[in-house]
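There is one chain below, alone, in structure tokens, taken in the form predicted alone.
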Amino acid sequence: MNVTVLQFPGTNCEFDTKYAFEHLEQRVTIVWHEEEMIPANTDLVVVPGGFSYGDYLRSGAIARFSPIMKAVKSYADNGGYVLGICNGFQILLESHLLPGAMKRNENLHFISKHQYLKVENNDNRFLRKCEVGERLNIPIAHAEGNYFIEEDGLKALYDNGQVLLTYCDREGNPENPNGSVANIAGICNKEKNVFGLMPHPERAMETILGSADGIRMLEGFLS
């Protein structure tokens, strides 16, 4: 499998993401944001975490105008798989590749910790190796992770099976670290080929670092 990982000024998770997929024995190419084309053999585009353009204006608001994002949109429109993690999720929201918007955390503080997630839907390429209701222990690290969508949009997400992950505690009870509507931690588009989540599965690849739950998440993309 060929994975293309994007790199913007301020990105800081591209090498973690590269390591994670290489850990799964996949080929990874890092592509600078000024490029105008995605490598022809790409099976998955990952928009990684970080602070693109220093999070000026809003997280992801400037990165959406980078030349590579036109190629990402075209790639997604043609059915290509795209995964946005943390700042990558924010960029996909700003680019209107995913519905909704991101606000400052409810407590106005940067949050960095391991957080349990509940799998709400596995009828998709990303989470197909996880079980519905399963709890995953995945790190979060963000200041603007408070996902918002208006009521009709939220209903559409649930009706179409687009809500993939919600925040919970160890036992699976709702636990909301940032104020996200309906405790949402991750979603996909209606076509189920564009995915976004605030937690960092690429940082949960080894038990010695606190969790290896990210492995089964990312393995879903493997052929």
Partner chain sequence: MKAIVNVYLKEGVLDPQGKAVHHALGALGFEDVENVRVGKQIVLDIKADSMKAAEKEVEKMCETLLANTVIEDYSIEIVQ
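Quantities reported herein were computed from a predicted structural model and do not represent experimental measurements. Positions refer to the first chain, counted from 1.
Below, we turn to the form predicted together with the partner chain, even though it does not appear here.
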*asked:* Given the stretches 41-49, 162-170, 188-196, 63-71, which is the single one in contact with the partner chain in the model of the complex, using a heavy atom cutoff of 4.5 Å?
replied: 63-71
_Selected contact from 104, 135, 114, 129, since only one has a non-hydrogen atom within 4.5 angstroms of the partner chain in the model of the complex_ = 104
*Using a 4.5 Å heavy atom cut-off, state whether residue 57 contacts the partner chain in the model of the complex.*
yes
*Would you please decide whether residue 146 lies within 4.5 angstroms of the partner chain in the model of the complex, comparing each non-hydrogen atom pair?*
yes
*Consider residue 94 of the chain shown here, and say whether it contacts the partner chain in the model of the complex, taking contact as heavy atoms within 4.5 Å.*
yes
